[in-house]
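Here you get one chain, nothing else, as structure tokens; it is the form predicted alone.
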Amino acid sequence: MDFSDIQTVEHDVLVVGAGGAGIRAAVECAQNGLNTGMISKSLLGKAHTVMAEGGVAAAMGNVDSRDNWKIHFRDTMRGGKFLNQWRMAELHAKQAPERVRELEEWGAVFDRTENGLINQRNFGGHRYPRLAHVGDRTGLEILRTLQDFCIHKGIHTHMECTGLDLVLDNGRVAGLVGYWRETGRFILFKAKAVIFATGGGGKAWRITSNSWEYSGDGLGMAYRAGAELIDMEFTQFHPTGMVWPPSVRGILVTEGVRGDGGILKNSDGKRFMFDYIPKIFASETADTVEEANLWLSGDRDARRPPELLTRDVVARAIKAEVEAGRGSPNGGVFLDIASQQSAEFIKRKLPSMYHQFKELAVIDITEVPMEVGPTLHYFMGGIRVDSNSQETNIPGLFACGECAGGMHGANRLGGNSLSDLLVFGKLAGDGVTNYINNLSNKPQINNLKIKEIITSATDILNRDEGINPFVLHEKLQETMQKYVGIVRTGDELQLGLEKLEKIKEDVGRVYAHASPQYNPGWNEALDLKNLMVTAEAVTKAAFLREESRGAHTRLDFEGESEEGMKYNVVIRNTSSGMVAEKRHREEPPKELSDIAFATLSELEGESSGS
């Protein structure tokens, strides 16, 4: 095959994904003197970072001085049901305040307290007001700041360019083949290292807050290259997505609504979350149980309202209300902030939500409740990485942000996603710099691999007939929605795997018309490869974990098992196909274990920066 007409670009490091994690990683690489390239599947700024509306979690102690990194670490570990990678959770809690202050230095404009400090709000699972915010547009402000800062760093940005697969040289990264979505022209990126920051794979489900770009690209490319995936069974269904009208079903309704006083009601007008307090006794932490007892005794002035329990608890409660016939007219429940706050407060603190419902649902949330229901929102699982460097088991391949697994364990706390991408984006940049500086020789490009990647992509265009990729995608979404949803059983998961196997066969027969230019059918067909890896990995991991923990609920295995905390489920690519296996967890460092299991009073009052 003649490669002379294939566009070739060379960088020291290529960042795949231009959301918050990708840009933060690219900035660090550029500041460390590396020739840095960044590709984005869509336009720069079109990333799910903007959907993290409520705030960025960092124990700055600006609103409650008792907060500090140890309590943030403790909350994160307990929210994740102790399946988090201990070192990742430690680094995250320690470094988040510095990353937020750094953003402010770069131009981010946060809401302020009366004393002029960065304001912080309550959020689900966090012990104290911890989320630094900009109304309900925090992610947008963070992405704006990062973009404005990065354009002065000499970073080469390639927009509307999609990665197809990695090119390896004796098992280490040598580059990546992609294509321009507009023209269909292929491009080879030569690079000594690649950072994946591609987000999750929510488009494998029918009801999701994720937009079209989120097809598990990084997960699929990493898996095919031999990288391991971890914790894939833990998929977070955000409790509050829009349910009406159908055209916008699944669009996120920020947790900030509940953080600023919004309450959940069923069709009887009852604030039902109090009824679900007893059900968390077995699984929630000691201080939460103490708090729950205050609620049950009628003391509604506990530290946080029951609507701000962890997302898995609230999502299951909403599902239970709907299934009991107490749902809203369109299959959700009511989220009411109109009766709790003034119209002026709502418009000032939640401007995006006000306009979102005004424009998409034609309702005024300052006067009437919203209808909301669970929506597939976030992947706790992802590519397995080293906690300190973010390097995978493939030399030269790094990952950060949502596509990397391990930080959040079995359930992510709201607001931890934004601090995650800031902390681990920087660490990935540092990890890559260290890797490249220690390379003894430059990796070489394998032309046979390039030919294989391009042939696989163009085969779809060369068929005379086949299966419509859009129809197949819908079939995949219905399968995942029905069999791998918010609650699961072994029988349903097994049936789901059987259906996925059939869909996988059909993916090999998808067809798109012959021109690669402006060809959405071809784009969809190429995305299906990664969606299938994502869906199969989640389903196999969920089948293997025979317990209910965090965001993974098995009706046939209720409650957490003692064994379940001792292993992670790891997905590997083998010669016989995808394998899910239990990987034993090492004992945590004693100093971190002591913090995670300490009582709140033992940790309060320490310096927030300590």
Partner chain sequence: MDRKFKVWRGNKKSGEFISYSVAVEQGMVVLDAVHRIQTEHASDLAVRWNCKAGKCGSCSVEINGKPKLACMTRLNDYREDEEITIQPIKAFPIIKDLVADFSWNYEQNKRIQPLKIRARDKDGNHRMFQRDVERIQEFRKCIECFLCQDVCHVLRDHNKKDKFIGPRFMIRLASLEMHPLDEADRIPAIKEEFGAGMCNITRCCTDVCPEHIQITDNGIIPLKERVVDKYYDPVMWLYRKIFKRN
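Just so you know, these numbers come straight off a predicted model, no measurement behind them. Residue numbers count along the first chain shown, from 1.
The discussion below concerns the form predicted in complex with the partner chain, not included here.
Asker: Is every one of 101, 104 and 212 within 4.5 Å of the partner chain in the predicted bound form, counting heavy atoms?
Answerer: Checking in the predicted bound form: 101, 104 and 212 are all within 4.5 Å of the partner chain.
Asker: When the contact criterion is heavy atoms within 4.5 Å, does residue 189 count as touching the partner chain in the predicted bound form?
Answerer: No, no contact at 4.5 Å.
Asker: Give a yes/no on whether residue 391 approaches the partner chain to within 4.5 Å in the predicted bound form, heavy atoms considered.
Answerer: Residue 391: no contact with the partner chain in the predicted bound form.
Asker: Taking the partner chain as it sits in the predicted bound form, is residue 28 near enough to touch it, meaning that at least one heavy atom pair lies within 4.5 angstroms?
Answerer: The answer is no: residue 28 has no heavy atom within 4.5 Å of the partner chain.
Asker: Could you tell me if residue 502 has a non-hydrogen atom within 4.5 Å of the partner chain in the predicted bound form?
Answerer: Result no; residue 502 lies far from the partner chain in the predicted bound form.
Asker: Heavy atoms within 4.5 Å of the partner chain in the predicted bound form: which of the stretches 132 to 140, 422 to 430, 478 to 486, 172 to 180 has them?
Answerer: Among the listed stretches, the partner-contacting one is 132 to 140.
Asker: 207, 159, 454, 439: which sits within 4.5 Å of the partner chain in the predicted bound form by any heavy atom?
Answerer: Selected option: 159.
Asker: Report the residue, out of 361, 91, 338, 507, that has at least one non-hydrogen atom within 4.5 angstroms of the partner chain in the predicted bound form.
Answerer: Contact check passes for 361.
Asker: Which residues within 133 to 153 place at least one heavy atom within 4.5 Å of the partner chain in the predicted bound form?
Answerer: 134, 137, 140, 141, 144, 145, 147, 148, 151, 152, in sequence order.
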